[in-house]
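This document opens with one chain alone, in structure tokens, the form predicted on its own.
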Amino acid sequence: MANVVIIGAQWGDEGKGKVVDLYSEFADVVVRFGGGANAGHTLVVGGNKVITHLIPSGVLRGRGKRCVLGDGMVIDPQTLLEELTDLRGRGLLADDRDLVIGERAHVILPFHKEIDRLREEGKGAIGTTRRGIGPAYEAKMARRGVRIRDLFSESRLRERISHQLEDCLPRLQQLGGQLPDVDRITQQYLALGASLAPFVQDATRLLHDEIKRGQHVLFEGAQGTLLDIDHGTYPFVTSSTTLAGGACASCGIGPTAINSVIGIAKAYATRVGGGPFPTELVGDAGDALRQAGAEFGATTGRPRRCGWLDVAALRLAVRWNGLSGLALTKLDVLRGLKKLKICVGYRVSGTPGSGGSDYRDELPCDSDDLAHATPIYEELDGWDADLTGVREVEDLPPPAKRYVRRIETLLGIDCCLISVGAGRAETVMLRNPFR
């Protein structure tokens, strides 16, 4: 038995879809434990590209691979049904037993998306996906949320929607939104609930039973460590816990059940939306990296901001998640760059008691500190060789090998996987956490 958590170690978009797909071969159950349809995991198998938003990436492994949507998620039922229809059109999830929706997960309602959209069109926009994630989590924390189990009772659903609107309506009116029709939403979501009913159950009990009987369970995170609501670059963060510990809280299992935690990081850095990004490359250099890495959001299509690898930020991921291994992705994208830079620390000027400047070996997440932070770089040689055919670490060109080893040394953890292309086979597998 092995239970493994896989999380993004940067600002999201690290290539979790491919890594989860690879490790799902060895898992019996794959669980998505946080976030909602604001995540997009891109998988390329046999030359075909599949993008999942809610259903775990392990779905591509076929019949008998149980996919679970954990109770800590916020779920848009319409988006979920559309995704399910698409996957079934590809011959996947043919057996209803292969998909489980936690009955305690919260539901995204139409006015959540409307509030999200209106906020992003006004002052103080932070670059959300406008999928209603934040407003749905707000309702959850205010104890006014609608949960999946509420979709099966008309009276209960109507009451919960009306109760939530007491809080949301003033905000909608202030933002210039329209008055929601409670009756219409109730009937719409009752119908959506009926379609989802075959998949809904107590996911916490199911996972407990699967772990108890020795099944391998993979817990798949969404977004990235630096977007964590508590510890990330607040307020430019997501609305949920993105750290490994969130798997336990979302799924109702104890931390002693987790055997290892794998963090995923690109060989460079990217970020979508607003917020600080000290190692960002602007102009032609950033554009070239974006094009080489096809850095456009799977959910929104927005171009991602690109920059040098930030090891000082990755140290936070190692510490906050207790990483036992690193999956390094998109190493192939750096081909052709004469020199590569790695941020190893920061000088933060103007901080109280610093005497002028303060050295940090970790990314300072406070907005005031970040405004005065200057990255400290190490420079390494680049390489020209095509890496997509490499399958053993010894076959990497010497500069690429030195780049990987330097990252391992700076972080104090080993790489368990190196991705050298988008396809499944374009991978150097160094260690399998399920074995």
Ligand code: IMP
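In this text the structure is predicted, and so the values were computed from the model without any measurement. One rule holds for the numbers: they count along the sequence shown, beginning at 1.
Omitted here: the form predicted in complex with inosinic acid (IMP). The next part is about that form.
Notebook entry, point to check: Can any non-hydrogen atom of Leu227 be found within 4.5 angstroms of inosinic acid (IMP) in the predicted complex?
Noted result: Taking the distances in the predicted complex, the answer for Leu227 is yes, it comes within 4.5 Å of inosinic acid (IMP).
Next item on the list: Verify the contact flag for Tyr23: yes if a non-hydrogen atom of it lies within 4.5 Å of a non-hydrogen atom of inosinic acid (IMP) in the predicted complex, no if not.
Entry: Looking in the predicted complex, residue contacts with inosinic acid (IMP) do not include Tyr23, since no heavy atom lies within 4.5 Å.
Note to self: Please tell me whether any heavy atom belonging to Pro375 falls inside 4.5 Å of a heavy atom of inosinic acid (IMP), as the geometry stands in the predicted complex.
What the structure shows: No.
Checklist line | inosinic acid (IMP) contact at Val68 in the predicted complex, heavy atom, 4.5 Å | finding: Output for Val68 is no: heavy atoms all beyond 4.5 Å of inosinic acid (IMP).
Check: Which pick from Val333, Leu157, Val272, Ala105 sits with a heavy atom within 4.5 Å of inosinic acid (IMP) in the predicted complex?
Finding: Exactly one listed residue reaches within 4.5 Å, namely Val272.
Margin query: Which residue, Val31, Ala39, Val59, Ala400, is the contact with inosinic acid (IMP) in the predicted complex, using a 4.5 Å heavy atom cutoff?
Written below: Filtering the options by heavy-atom distance leaves Ala39.
Next item on the list: Can you check 80-88, 96-104, 254-262, 233-241 and let me know which stretch has heavy atoms within 4.5 Å of inosinic acid (IMP) in the predicted complex?
Entry: The contacting stretch is 233-241.
Check: Hey, which residues along 11-37 are within 4.5 angstroms of inosinic acid (IMP) in the predicted complex, non-hydrogen atoms only?
Finding: In sequence order, Trp11, Gly12, Asp13 come within 4.5 Å of the partner.
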